[in-house]
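One chain comes next, on its own, written out as C-alpha coordinates in the form predicted on its own.
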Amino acid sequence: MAGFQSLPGFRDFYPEDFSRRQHIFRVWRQTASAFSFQEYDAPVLEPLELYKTKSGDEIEAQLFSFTDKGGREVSLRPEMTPTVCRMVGAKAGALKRPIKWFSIAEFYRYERAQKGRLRAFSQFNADIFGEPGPEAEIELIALLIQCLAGFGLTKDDFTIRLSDRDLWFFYLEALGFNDAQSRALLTAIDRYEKAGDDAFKVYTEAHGALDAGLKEKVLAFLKIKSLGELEAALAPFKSEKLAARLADWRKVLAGVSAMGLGDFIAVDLSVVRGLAYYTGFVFEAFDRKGDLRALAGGGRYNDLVKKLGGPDLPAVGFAIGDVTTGLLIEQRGLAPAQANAPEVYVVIGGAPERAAAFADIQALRAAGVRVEYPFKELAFGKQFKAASESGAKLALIYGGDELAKGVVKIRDLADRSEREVPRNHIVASVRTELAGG
(Lines give C-alpha, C1' and ligand atoms only; values in the text may rest on other atoms or scores of the structure.)
Protein backbone atom coordinates (compact mmCIF):
# COMPACT_ATOMS: atom_id res chain seq x y z
CA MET A 1 0.00 0.00 0.00
CA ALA A 2 1.39 3.42 -1.00
CA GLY A 3 1.87 5.94 1.80
CA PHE A 4 0.16 9.29 2.01
CA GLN A 5 1.51 12.19 -0.05
CA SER A 6 1.05 15.94 0.19
CA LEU A 7 -1.72 17.49 -1.93
CA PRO A 8 -0.95 18.86 -5.43
CA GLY A 9 0.57 22.34 -5.27
CA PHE A 10 1.41 22.05 -1.54
CA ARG A 11 4.96 21.61 -0.24
CA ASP A 12 6.66 19.65 2.51
CA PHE A 13 9.55 21.54 4.06
CA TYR A 14 12.22 19.09 5.16
CA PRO A 15 14.84 20.77 7.41
CA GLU A 16 17.12 21.76 4.49
CA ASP A 17 14.17 23.28 2.56
CA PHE A 18 12.81 24.96 5.68
CA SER A 19 16.21 26.47 6.40
CA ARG A 20 16.30 28.01 2.90
CA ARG A 21 12.82 29.45 3.28
CA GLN A 22 13.71 30.87 6.70
CA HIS A 23 16.74 32.55 5.11
CA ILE A 24 14.41 34.26 2.60
CA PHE A 25 12.05 35.36 5.38
CA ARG A 26 14.97 36.60 7.49
CA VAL A 27 16.30 38.83 4.68
CA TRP A 28 12.80 40.24 4.04
CA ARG A 29 12.14 40.85 7.73
CA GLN A 30 15.51 42.57 8.31
CA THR A 31 14.96 44.73 5.22
CA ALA A 32 11.46 45.81 6.31
CA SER A 33 12.79 46.60 9.77
CA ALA A 34 15.56 48.79 8.26
CA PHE A 35 12.81 50.75 6.46
CA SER A 36 10.84 51.11 9.75
CA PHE A 37 7.85 49.06 8.53
CA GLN A 38 5.78 47.41 11.27
CA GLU A 39 4.88 43.73 11.06
CA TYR A 40 1.30 42.48 11.43
CA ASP A 41 -0.57 39.19 11.03
CA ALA A 42 -4.17 38.25 10.28
CA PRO A 43 -6.54 35.24 10.08
CA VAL A 44 -5.94 32.68 7.36
CA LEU A 45 -9.72 32.33 6.94
CA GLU A 46 -11.85 35.30 5.81
CA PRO A 47 -15.46 35.86 4.67
CA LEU A 48 -15.79 34.91 1.00
CA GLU A 49 -17.58 38.20 0.38
CA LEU A 50 -14.36 40.12 1.15
CA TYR A 51 -12.70 38.69 -1.97
CA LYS A 52 -15.83 38.94 -4.12
CA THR A 53 -16.21 42.64 -3.23
CA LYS A 54 -12.62 43.30 -4.28
CA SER A 55 -12.40 41.11 -7.39
CA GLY A 56 -15.93 40.14 -8.47
CA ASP A 57 -17.85 36.86 -8.23
CA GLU A 58 -15.60 35.13 -10.79
CA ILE A 59 -12.75 35.05 -8.24
CA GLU A 60 -14.47 32.17 -6.39
CA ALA A 61 -13.26 29.65 -9.02
CA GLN A 62 -9.67 30.39 -7.92
CA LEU A 63 -10.29 30.07 -4.17
CA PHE A 64 -10.28 27.34 -1.54
CA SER A 65 -13.78 28.39 -0.44
CA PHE A 66 -16.45 26.48 1.47
CA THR A 67 -19.40 26.79 3.85
CA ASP A 68 -18.24 26.39 7.47
CA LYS A 69 -20.13 24.58 10.23
CA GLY A 70 -21.84 27.83 11.21
CA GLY A 71 -23.24 28.20 7.67
CA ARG A 72 -20.85 31.03 6.78
CA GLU A 73 -19.35 31.35 3.28
CA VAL A 74 -15.59 31.51 3.89
CA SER A 75 -12.31 31.19 2.02
CA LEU A 76 -8.66 30.56 2.74
CA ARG A 77 -6.91 33.83 1.87
CA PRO A 78 -5.54 34.01 -1.70
CA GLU A 79 -3.78 37.37 -1.05
CA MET A 80 -3.28 39.88 1.77
CA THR A 81 -4.47 43.17 0.22
CA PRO A 82 -8.21 42.86 1.12
CA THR A 83 -7.30 41.78 4.66
CA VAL A 84 -4.87 44.64 5.32
CA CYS A 85 -7.39 47.11 3.87
CA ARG A 86 -10.05 45.69 6.23
CA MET A 87 -7.69 45.98 9.22
CA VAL A 88 -6.42 49.48 8.43
CA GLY A 89 -9.93 50.68 7.58
CA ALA A 90 -11.24 49.50 10.96
CA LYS A 91 -8.69 51.58 12.93
CA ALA A 92 -7.68 54.26 10.42
CA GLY A 93 -8.60 57.15 12.73
CA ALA A 94 -6.24 55.93 15.46
CA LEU A 95 -3.25 55.06 13.25
CA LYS A 96 -0.37 57.51 12.79
CA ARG A 97 0.20 58.42 9.13
CA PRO A 98 1.87 57.31 7.00
CA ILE A 99 0.94 53.75 7.95
CA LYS A 100 3.84 51.48 6.91
CA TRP A 101 3.01 47.80 7.46
CA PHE A 102 4.40 44.48 6.24
CA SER A 103 3.62 40.80 6.67
CA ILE A 104 5.08 37.43 5.73
CA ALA A 105 2.30 34.87 5.43
CA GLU A 106 1.02 31.82 3.55
CA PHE A 107 -1.69 32.03 0.88
CA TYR A 108 -3.83 29.55 -1.05
CA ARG A 109 -5.12 29.62 -4.62
CA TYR A 110 -6.99 26.83 -6.34
CA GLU A 111 -5.19 26.96 -9.69
CA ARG A 112 -3.02 24.62 -11.76
CA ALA A 113 0.39 24.17 -10.14
CA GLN A 114 3.31 25.06 -12.44
CA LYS A 115 6.87 26.38 -12.23
CA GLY A 116 6.90 29.40 -9.94
CA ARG A 117 3.18 29.04 -9.10
CA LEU A 118 1.84 26.69 -6.45
CA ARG A 119 -1.48 26.33 -4.64
CA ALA A 120 0.11 27.16 -1.28
CA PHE A 121 2.84 29.78 -1.21
CA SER A 122 4.25 32.47 1.05
CA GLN A 123 4.52 36.18 0.28
CA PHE A 124 6.11 39.27 1.72
CA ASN A 125 3.53 42.08 1.53
CA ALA A 126 4.39 45.73 2.17
CA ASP A 127 1.92 48.62 2.04
CA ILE A 128 1.85 52.34 2.81
CA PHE A 129 -1.53 53.92 3.66
CA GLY A 130 -2.36 57.59 4.06
CA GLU A 131 0.25 59.09 1.71
CA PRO A 132 -1.27 60.35 -1.58
CA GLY A 133 1.98 61.62 -3.14
CA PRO A 134 4.75 59.78 -5.02
CA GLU A 135 6.89 59.76 -1.85
CA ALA A 136 5.14 56.47 -0.98
CA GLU A 137 6.14 54.93 -4.32
CA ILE A 138 9.79 55.99 -3.82
CA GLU A 139 9.85 54.29 -0.41
CA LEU A 140 8.21 51.08 -1.63
CA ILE A 141 10.29 50.76 -4.80
CA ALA A 142 13.45 51.20 -2.69
CA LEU A 143 12.14 48.54 -0.28
CA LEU A 144 11.40 46.11 -3.14
CA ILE A 145 14.88 46.60 -4.62
CA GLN A 146 16.47 45.91 -1.23
CA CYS A 147 14.24 42.84 -0.69
CA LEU A 148 16.05 41.31 -3.69
CA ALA A 149 19.47 42.97 -3.34
CA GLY A 150 19.63 41.60 0.22
CA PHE A 151 20.33 38.14 -1.24
CA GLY A 152 23.30 39.40 -3.25
CA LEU A 153 21.33 40.05 -6.46
CA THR A 154 22.39 43.09 -8.54
CA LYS A 155 21.05 45.33 -11.30
CA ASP A 156 22.32 42.68 -13.74
CA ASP A 157 19.93 40.14 -12.17
CA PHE A 158 16.69 42.13 -11.99
CA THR A 159 15.05 45.40 -12.92
CA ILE A 160 12.00 47.30 -11.67
CA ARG A 161 9.68 48.06 -14.60
CA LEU A 162 7.69 51.21 -13.81
CA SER A 163 4.43 52.20 -15.47
CA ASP A 164 1.31 54.23 -14.66
CA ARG A 165 -2.36 53.33 -15.19
CA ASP A 166 -3.50 56.92 -14.58
CA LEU A 167 -1.06 58.17 -17.20
CA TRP A 168 -2.52 55.67 -19.67
CA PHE A 169 -6.11 56.72 -18.92
CA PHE A 170 -5.27 60.43 -19.28
CA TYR A 171 -3.32 59.79 -22.50
CA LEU A 172 -6.12 57.70 -24.03
CA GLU A 173 -8.65 60.34 -22.96
CA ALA A 174 -6.53 62.98 -24.73
CA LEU A 175 -6.66 60.79 -27.87
CA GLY A 176 -10.48 60.78 -27.67
CA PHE A 177 -11.26 57.40 -26.07
CA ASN A 178 -14.03 57.13 -23.47
CA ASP A 179 -13.64 55.25 -20.17
CA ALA A 180 -15.00 51.89 -21.42
CA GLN A 181 -12.80 52.04 -24.53
CA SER A 182 -9.76 52.94 -22.42
CA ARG A 183 -10.34 49.99 -20.07
CA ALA A 184 -10.60 47.61 -23.03
CA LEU A 185 -7.39 49.05 -24.47
CA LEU A 186 -5.58 48.63 -21.14
CA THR A 187 -6.62 44.96 -21.10
CA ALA A 188 -5.17 44.66 -24.62
CA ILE A 189 -1.95 46.44 -23.56
CA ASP A 190 -1.59 44.07 -20.60
CA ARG A 191 -1.71 41.10 -23.01
CA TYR A 192 0.24 42.66 -25.88
CA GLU A 193 3.68 41.40 -24.79
CA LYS A 194 2.49 37.77 -24.99
CA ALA A 195 -0.23 37.93 -27.65
CA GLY A 196 0.93 40.66 -30.05
CA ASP A 197 -1.80 42.11 -32.31
CA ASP A 198 -4.27 39.41 -31.18
CA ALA A 199 -4.46 41.26 -27.83
CA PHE A 200 -6.54 44.00 -29.51
CA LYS A 201 -9.41 41.55 -30.14
CA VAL A 202 -10.59 42.47 -26.62
CA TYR A 203 -11.12 46.01 -27.88
CA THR A 204 -12.50 45.29 -31.38
CA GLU A 205 -15.05 42.74 -30.14
CA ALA A 206 -16.50 45.29 -27.70
CA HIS A 207 -16.04 48.59 -29.55
CA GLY A 208 -15.51 47.81 -33.23
CA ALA A 209 -12.52 48.49 -35.43
CA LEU A 210 -9.64 50.49 -33.96
CA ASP A 211 -8.58 53.45 -36.12
CA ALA A 212 -5.14 52.63 -37.60
CA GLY A 213 -3.71 56.06 -36.74
CA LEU A 214 -4.88 55.84 -33.13
CA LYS A 215 -3.60 52.27 -32.82
CA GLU A 216 -0.20 53.47 -34.02
CA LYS A 217 -0.16 56.19 -31.33
CA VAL A 218 -1.12 53.64 -28.66
CA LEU A 219 1.68 51.27 -29.76
CA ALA A 220 4.21 54.11 -29.91
CA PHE A 221 3.29 55.12 -26.34
CA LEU A 222 3.55 51.46 -25.28
CA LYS A 223 7.15 51.34 -26.52
CA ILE A 224 8.41 54.38 -24.53
CA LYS A 225 11.47 53.42 -22.45
CA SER A 226 12.74 56.67 -20.89
CA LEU A 227 11.56 59.84 -19.18
CA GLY A 228 12.86 61.90 -22.11
CA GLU A 229 10.76 59.88 -24.59
CA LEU A 230 7.75 60.26 -22.29
CA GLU A 231 8.18 64.04 -22.07
CA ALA A 232 8.49 64.29 -25.87
CA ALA A 233 5.36 62.17 -26.43
CA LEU A 234 3.27 64.30 -24.07
CA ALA A 235 4.59 67.70 -25.22
CA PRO A 236 1.88 68.23 -27.92
CA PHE A 237 -0.97 67.81 -25.38
CA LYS A 238 -2.25 70.71 -23.31
CA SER A 239 -3.62 68.54 -20.52
CA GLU A 240 -3.26 69.52 -16.86
CA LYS A 241 -3.81 65.87 -15.85
CA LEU A 242 -0.93 64.70 -18.05
CA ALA A 243 1.31 67.53 -16.81
CA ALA A 244 0.61 66.57 -13.18
CA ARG A 245 1.37 62.90 -13.86
CA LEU A 246 4.60 63.85 -15.59
CA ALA A 247 5.63 65.87 -12.51
CA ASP A 248 5.01 62.78 -10.36
CA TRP A 249 7.12 60.67 -12.74
CA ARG A 250 10.00 63.14 -12.43
CA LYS A 251 9.71 63.03 -8.62
CA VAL A 252 9.70 59.21 -8.40
CA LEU A 253 12.63 58.73 -10.78
CA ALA A 254 14.63 61.53 -9.13
CA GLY A 255 13.96 60.12 -5.63
CA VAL A 256 14.98 56.57 -6.54
CA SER A 257 18.09 57.88 -8.35
CA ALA A 258 19.05 60.03 -5.33
CA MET A 259 19.09 56.82 -3.28
CA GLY A 260 21.62 55.39 -5.75
CA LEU A 261 19.08 52.93 -7.15
CA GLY A 262 18.46 54.51 -10.57
CA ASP A 263 20.18 51.64 -12.43
CA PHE A 264 17.50 49.26 -11.15
CA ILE A 265 14.60 51.23 -12.70
CA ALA A 266 13.28 50.92 -16.25
CA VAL A 267 10.44 53.02 -17.71
CA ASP A 268 8.15 50.39 -19.25
CA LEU A 269 4.60 51.42 -20.17
CA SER A 270 3.72 47.87 -21.24
CA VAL A 271 3.25 47.05 -17.53
CA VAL A 272 -0.34 47.89 -16.59
CA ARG A 273 -1.03 45.00 -14.16
CA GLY A 274 -4.25 43.23 -15.11
CA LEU A 275 -5.93 43.95 -11.77
CA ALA A 276 -8.44 46.75 -12.27
CA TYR A 277 -8.17 48.12 -8.72
CA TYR A 278 -4.80 49.80 -9.41
CA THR A 279 -5.18 53.57 -9.76
CA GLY A 280 -1.75 55.06 -10.57
CA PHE A 281 1.85 53.92 -10.63
CA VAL A 282 2.32 50.17 -11.12
CA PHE A 283 5.60 48.30 -11.03
CA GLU A 284 7.09 44.83 -11.37
CA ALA A 285 10.43 43.31 -10.44
CA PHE A 286 11.59 41.42 -13.51
CA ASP A 287 14.22 38.68 -13.96
CA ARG A 288 16.77 40.08 -16.46
CA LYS A 289 18.57 36.80 -17.22
CA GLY A 290 16.22 33.88 -16.85
CA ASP A 291 12.75 32.53 -17.46
CA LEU A 292 11.19 33.55 -14.13
CA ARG A 293 10.10 36.92 -15.57
CA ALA A 294 7.89 38.71 -13.01
CA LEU A 295 9.37 38.27 -9.52
CA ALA A 296 7.14 40.75 -7.67
CA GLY A 297 4.43 43.27 -8.44
CA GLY A 298 2.51 46.14 -6.96
CA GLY A 299 1.13 49.61 -7.37
CA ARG A 300 -1.22 52.27 -6.07
CA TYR A 301 -4.81 51.37 -5.13
CA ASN A 302 -6.38 54.52 -3.70
CA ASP A 303 -10.03 53.34 -3.86
CA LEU A 304 -9.87 49.89 -2.28
CA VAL A 305 -10.05 50.71 1.46
CA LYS A 306 -13.24 52.69 0.81
CA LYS A 307 -14.67 49.98 -1.47
CA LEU A 308 -14.23 47.44 1.33
CA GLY A 309 -16.16 49.61 3.81
CA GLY A 310 -13.38 51.76 5.30
CA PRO A 311 -12.62 55.49 4.96
CA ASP A 312 -11.27 57.13 1.80
CA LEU A 313 -7.57 56.32 2.28
CA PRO A 314 -4.81 56.39 -0.36
CA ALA A 315 -2.69 53.23 -0.52
CA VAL A 316 0.20 51.67 -2.40
CA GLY A 317 1.80 48.26 -1.92
CA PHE A 318 3.54 45.26 -3.41
CA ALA A 319 3.92 41.51 -2.88
CA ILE A 320 6.89 39.24 -3.52
CA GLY A 321 6.64 35.45 -3.31
CA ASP A 322 8.93 32.84 -1.78
CA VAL A 323 8.62 30.40 -4.70
CA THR A 324 10.13 32.59 -7.43
CA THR A 325 12.58 34.21 -4.99
CA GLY A 326 13.83 30.77 -3.95
CA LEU A 327 14.21 29.65 -7.58
CA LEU A 328 16.03 32.87 -8.48
CA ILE A 329 18.64 32.76 -5.71
CA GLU A 330 19.19 29.05 -6.41
CA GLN A 331 19.74 29.72 -10.12
CA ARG A 332 22.26 32.46 -9.27
CA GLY A 333 24.12 30.28 -6.75
CA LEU A 334 23.09 32.50 -3.83
CA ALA A 335 21.15 29.94 -1.77
CA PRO A 336 22.80 29.52 1.67
CA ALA A 337 24.10 26.35 3.23
CA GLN A 338 21.88 24.90 5.94
CA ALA A 339 21.50 27.69 8.48
CA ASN A 340 21.23 25.56 11.62
CA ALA A 341 24.47 23.60 11.31
CA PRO A 342 26.20 23.34 14.71
CA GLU A 343 28.93 25.85 15.49
CA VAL A 344 30.64 23.49 17.91
CA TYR A 345 30.98 19.68 17.91
CA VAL A 346 32.01 18.10 21.23
CA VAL A 347 34.35 15.09 21.03
CA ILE A 348 34.08 12.96 24.19
CA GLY A 349 36.26 10.17 25.64
CA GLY A 350 34.59 7.88 28.20
CA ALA A 351 31.91 8.16 30.87
CA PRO A 352 33.74 10.58 33.26
CA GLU A 353 34.56 12.90 30.36
CA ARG A 354 30.92 12.80 29.22
CA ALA A 355 29.72 14.03 32.63
CA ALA A 356 32.12 17.00 32.47
CA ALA A 357 31.28 17.69 28.80
CA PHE A 358 27.52 17.72 29.53
CA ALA A 359 27.90 20.56 32.04
CA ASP A 360 29.83 22.65 29.50
CA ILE A 361 27.49 21.73 26.64
CA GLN A 362 24.55 23.06 28.63
CA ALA A 363 26.43 26.26 29.56
CA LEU A 364 27.32 26.88 25.89
CA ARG A 365 23.77 26.24 24.71
CA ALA A 366 22.38 28.55 27.39
CA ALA A 367 24.74 31.21 25.98
CA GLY A 368 23.20 30.75 22.52
CA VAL A 369 25.94 28.62 20.93
CA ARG A 370 24.76 25.81 18.61
CA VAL A 371 26.33 22.62 20.00
CA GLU A 372 26.21 18.99 18.81
CA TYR A 373 27.71 15.86 20.41
CA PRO A 374 27.55 12.07 19.84
CA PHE A 375 24.76 10.32 21.74
CA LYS A 376 26.74 7.08 22.02
CA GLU A 377 30.40 6.34 22.79
CA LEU A 378 32.44 6.32 19.57
CA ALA A 379 36.11 6.09 18.68
CA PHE A 380 37.81 9.50 18.42
CA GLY A 381 38.36 9.02 14.67
CA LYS A 382 34.64 8.57 14.03
CA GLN A 383 33.82 11.58 16.19
CA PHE A 384 36.24 13.85 14.30
CA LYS A 385 34.76 12.62 11.01
CA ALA A 386 31.26 13.44 12.32
CA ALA A 387 32.50 16.86 13.48
CA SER A 388 33.84 17.70 10.00
CA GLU A 389 30.66 16.49 8.28
CA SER A 390 28.42 18.46 10.66
CA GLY A 391 29.60 21.82 9.30
CA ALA A 392 30.82 22.93 12.74
CA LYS A 393 33.64 25.47 12.95
CA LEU A 394 35.13 24.15 16.20
CA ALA A 395 35.62 20.81 17.94
CA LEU A 396 35.90 20.71 21.75
CA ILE A 397 37.93 17.70 22.90
CA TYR A 398 37.21 16.08 26.28
CA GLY A 399 39.78 13.30 26.83
CA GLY A 400 41.22 11.78 30.01
CA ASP A 401 44.35 13.98 29.87
CA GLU A 402 42.29 17.16 29.41
CA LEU A 403 39.96 16.22 32.27
CA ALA A 404 42.90 15.58 34.60
CA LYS A 405 44.37 19.01 33.83
CA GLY A 406 41.03 20.84 34.10
CA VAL A 407 41.23 22.04 30.48
CA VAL A 408 39.41 21.61 27.18
CA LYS A 409 41.20 21.39 23.85
CA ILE A 410 39.66 23.62 21.12
CA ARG A 411 40.37 22.53 17.56
CA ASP A 412 39.68 24.78 14.56
CA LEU A 413 38.19 22.32 12.06
CA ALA A 414 39.27 24.47 9.07
CA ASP A 415 43.02 24.73 9.75
CA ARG A 416 43.25 21.96 12.42
CA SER A 417 45.07 24.26 14.86
CA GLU A 418 44.52 23.51 18.56
CA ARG A 419 44.82 25.26 21.90
CA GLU A 420 43.94 24.40 25.47
CA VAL A 421 41.72 26.60 27.64
CA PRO A 422 40.65 26.22 31.31
CA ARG A 423 37.23 24.62 31.63
CA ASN A 424 35.89 27.56 33.62
CA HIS A 425 36.66 29.86 30.65
CA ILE A 426 35.07 27.67 28.00
CA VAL A 427 32.04 29.86 27.16
CA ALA A 428 34.11 33.04 26.75
CA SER A 429 36.84 31.19 24.80
CA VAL A 430 34.36 29.59 22.38
CA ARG A 431 32.60 32.91 21.77
CA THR A 432 35.97 34.56 21.01
CA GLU A 433 36.91 31.78 18.56
CA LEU A 434 33.55 31.90 16.80
CA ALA A 435 33.83 35.69 16.46
CA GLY A 436 37.13 35.19 14.63
CA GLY A 437 39.33 36.15 17.56
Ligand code: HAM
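Residue numbers here begin at 1 and follow the sequence given. Being a predicted model, the structure only gives us computed values, none of them experimental.
Missing here is the form predicted together with this ligand; even so, the following discussion is about that form.
- Contact with this ligand in the predicted bound form, defined as a heavy atom within 4.5 Å, holds for exactly one of 171, 318, 200, 102, namely 318.
- For the options 111, 205, 73, 330, the one in contact with this ligand in the predicted bound form, meaning a heavy atom within 4.5 Å, is 111.
- The closest non-hydrogen atom of residue 118 lies within 4.5 Å of this ligand in the predicted bound form.
- By the criterion of a heavy atom within 4.5 Å, residue 83 is excluded from the residues contacting this ligand in the predicted bound form.
- At a distance threshold of 4.5 angstroms between non-hydrogen atoms, residue 273 is in contact with this ligand in the predicted bound form.
- Using a 4.5 Å cutoff between non-hydrogen atoms, residue 127 counts as a contact of this ligand in the predicted bound form.
- In the predicted bound form, every residue of the candidate spot (79, 294 and 298) has a heavy atom lying within 4.5 Å of this ligand.
- Contact annotation: this ligand lies within 4.5 Å of heavy atoms from the stretch 103-111 in the predicted bound form, the single such stretch among 103-111, 215-223, 87-95, 148-156.
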